[in-house]
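Okay, so here's just one chain, in structure tokens, the form predicted alone.
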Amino acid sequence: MALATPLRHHLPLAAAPAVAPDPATPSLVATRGALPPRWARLRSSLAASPSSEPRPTRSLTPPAAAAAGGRPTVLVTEKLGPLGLDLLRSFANVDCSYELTAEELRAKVSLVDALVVRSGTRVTREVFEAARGRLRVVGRAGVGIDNVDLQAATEAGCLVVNAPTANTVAAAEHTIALLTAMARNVAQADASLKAGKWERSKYVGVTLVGKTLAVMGFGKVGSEVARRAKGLGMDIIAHDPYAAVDRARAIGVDLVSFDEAISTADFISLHMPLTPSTEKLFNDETFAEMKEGVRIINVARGGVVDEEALLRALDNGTVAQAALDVFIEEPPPRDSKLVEHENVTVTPHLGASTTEAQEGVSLEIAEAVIGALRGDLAATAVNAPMVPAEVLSELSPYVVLAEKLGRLVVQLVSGGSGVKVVKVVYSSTRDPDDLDTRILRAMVTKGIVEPISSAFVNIVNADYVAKQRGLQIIEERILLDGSPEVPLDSIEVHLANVESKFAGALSDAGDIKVEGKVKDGSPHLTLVGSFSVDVGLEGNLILCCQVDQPGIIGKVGSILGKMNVNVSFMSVGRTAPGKQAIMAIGVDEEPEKEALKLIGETPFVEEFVFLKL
């Protein structure tokens, strides 16, 4: 056993920039354009029985408030594919109301549990305030989430999910389409010929073979673009502060600095999100650093380009051509000089506009929204811990354990004590970098805060709530010897500098201390203070501190039996024969006051406490 080591914690209050996904991971959308098998099967099942109820799953957080008939209500404000709507309707009441004004949206949002939007609906702080706590999830049917106020969503405890994979191939293919069309002046030549002209010499293009393409943003779409451009004979470089060098090189791409990328490329393709740090990143200064005659493609977000600066760069020849699918204002003004420029090829935000992509996006966002309404942990959440699905599955029973321990330990605090410092200790055989504890920390916080406040805490706002309440969460790790097959051996929760209503729960250091383990998939309490116990954390719990004497277990059990209280588990831990012991009793229901009074009056029982789990 090694010494406990501190862990990095504290999630950002707003969504952190997502780490670029592994470009070597296959896209969920098949490269030939078909839906992946999982969605293809789902499409078939919906067609056969569109009203069938999805299989229920265990919720890891409380479900959203249900509407009439026990079903949640989902508001869809922009057109969604029919398969996604069918899936939503199989689980919830769906209100499709398009082209709502901001005022109309605020009026409706307090009546729904989920909101599904595309890029045209702005989900502002005022929208979350108007929801008055009912809105639990916002689903963005697509990748970009710049039209959703993530900070306000986080503060409101509202999960924001997107559909980051379904339109990957479509966006990459459209990028390549614009790249080749721009290089060979396809759009301009088409318009010229249809106008009755024959201008072969005017529309001489450039070849792509041997040219350098800089991919700015090497996530899912960027890496797919790189793969396809390699097939065209181009040399690919990329800039992305979150991408791994070895993964990029695995597909023949060199990661370089921002300055090197823009100064050496013949073509620049933009695939970065719109954030405060990327807004108008391509401006007069950056255009001046580019190779003269560079060509730019943007199928990402319009706001990353300063459109007036791009127009100046086109006019002075710094940028030879541009191909744009996105704009700061959509649709752009009818008299836009950028749109009308002869050296600019434009399309009306068609990056995800393929039949297959639209079906995939609608199904992906419907699945994410339904999962969030059930209380499942969301792998596509953008304002919550971004944890891979396989990690969520593995940690699921420990998530339940973490919340139960939090709920238990806070009930051991006497009424006048204020909880300020919480230490969570994880015992594991795994290397610290191989164990993601963000969700576990969030659920400990949830367990501690909810029983003593009116706050609703989930994985989205747990860190924010803790910070607002002055609650310091410290995480430590104990590295054990052995095989790392099981992610955790135990979780300990300590409350420092508080008074306990149950002295037996105090550790030698004076902290309230409880420990739990997962056994056969279920959470168990294994330590209270310095006393070892073994009792399932289900239903409710009675802790008795007593002098270790024969017959006490029978007397307490008899009291509960006479009062018709069913005992589910019972365990006794002691320091030594005849000394102090703690009896932990799991009960299905809350005993009547008379039963608790009789337990307290039992000879040799020094103290007891009843805890709701």
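Counting begins at 1, following the sequence as shown. For clarity, every value in this text was computed on a predicted model and none was experimentally measured.
Although it is not shown, the form predicted together with a small molecule is what the next lines describe.
Colleague: Give a yes or no for P484: in the predicted complex, does one of its heavy atoms lie within 4.5 Å of a heavy atom belonging to the small molecule?
Modeller: Contact with the small molecule, no.
Colleague: Does the small molecule get within 4.5 angstroms of any non-hydrogen atom of V221 in the predicted complex?
Modeller: Yes, V221 sits close enough to the small molecule in the predicted complex that at least one of its heavy atoms falls within 4.5 Å.
Colleague: So in the predicted complex, does M272 come within 4.5 Å of the small molecule, heavy atom to heavy atom?
Modeller: Yes, M272 sits close enough to the small molecule in the predicted complex that at least one of its heavy atoms falls within 4.5 Å.
Colleague: So in the predicted complex, does T278 come within 4.5 Å of the small molecule, heavy atom to heavy atom?
Modeller: Judged by the heavy-atom cut-off of 4.5 Å, T278 is in contact with the small molecule in the predicted complex.
Colleague: Thinking of the small molecule in the predicted complex, which stretch from 436 to 444, 164 to 172, 187 to 195, 393 to 401 has heavy atoms inside 4.5 Å of it?
Modeller: Only one stretch passes the 4.5 Å heavy-atom test: 164 to 172.
Colleague: Quick one: of G529, G406, G217, G516, which gets a non-hydrogen atom within 4.5 angstroms of the small molecule in the predicted complex?
Modeller: Exactly one residue meets the criterion: G217.
Colleague: Let me know the one among H239, R134, K108, R228 whose heavy atoms come within 4.5 Å of the small molecule in the predicted complex, would you?
Modeller: Exactly one listed residue reaches within 4.5 Å, namely H239.
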